[in-house]
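Heads up, the chain below is alone and in the form predicted alone; it's given as structure tokens.
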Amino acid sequence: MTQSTAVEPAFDRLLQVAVEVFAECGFREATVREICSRANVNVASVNYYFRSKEALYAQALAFAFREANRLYPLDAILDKGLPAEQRLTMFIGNFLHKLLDDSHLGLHSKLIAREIADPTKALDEIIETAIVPQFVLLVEIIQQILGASAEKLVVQRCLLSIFGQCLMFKHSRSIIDRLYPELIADESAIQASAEHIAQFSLAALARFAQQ
């Protein structure tokens, strides 16, 4: 057995378990001992593979974003040959499904939400590598709809309004589950909610474009 094949299982286990523990406890409350215990590795493994708890956390965050993008790729949305309105609808559908995924990816979303609510030094790198590319893509789509002369601040406010509508479903999930569970009851319901957000947003963008 080569060194790489011997190393990878422990490294991968640590990373996956770290996502779980950091998502459950947050960076400050999570302990290296708990992570190593669940991963069934020696406590020294964190220092060996990652050098520190902080570095492990940063890699866990990056891994969470990579997994989300792997399961919900943006490839089709990047196609500039498609109408901007269609790309926006696809973007919103992709993002909302990603936020509301109840599979193992839900832990990744929870970890990311924790970091945004209670940021650490790792957030700056995550913004640069994972969040900025999504913002750039959405800005490009919005500008295509509004026109080249659209003011920068208007574009930015429209971007945050679109993200905000989607994030409401994530961060108020416990309320929606109790008041309007039918809105996110299954795949088709989530898609219908995504299409509503898209229609709502496109109507607003059309009004801004007229102005």
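All of these numbers come straight from a predicted model, not from anything done at the bench. From 1 onward, residues are counted along the sequence shown.
Just so you know, the form predicted together with another copy of the chain exists too; it's not on screen, but the next bit is about it.
A residue is said to contact a partner when one of its heavy atoms sits within 4.5 Å of a partner heavy atom; residue 196 meets this definition for another copy of the chain in the predicted complex. Contact between residue 31 and another copy of the chain in the predicted complex is not found at the 4.5 Å heavy atom cutoff. Taking the partner from the other structure, another copy of the chain in the predicted complex has a heavy atom within 4.5 Å of a heavy atom of residue 179. Of the heavy atoms in residue 164, some are within 4.5 Å of another copy of the chain in the predicted complex. For the candidate spot formed by 17, 64 and 140, no residue has a non-hydrogen atom within 4.5 angstroms of another copy of the chain in the predicted complex. This chain appears without its partner; in the predicted complex, the one residue of 42, 52, 149, 172 with a heavy atom within 4.5 Å of another copy of the chain is 172. Distance criterion of 4.5 Å from any heavy atom to another copy of the chain in the predicted complex singles out 127 from the list 127, 78, 71, 84. Contacts of stretch 184-211 with another copy of the chain in the predicted complex, defined by any heavy atom lying within 4.5 Å, are made by 189, 192, 193, 196, 199, 200, 201, 203, 204, 205, 206, 207, 208, listed in sequence order.
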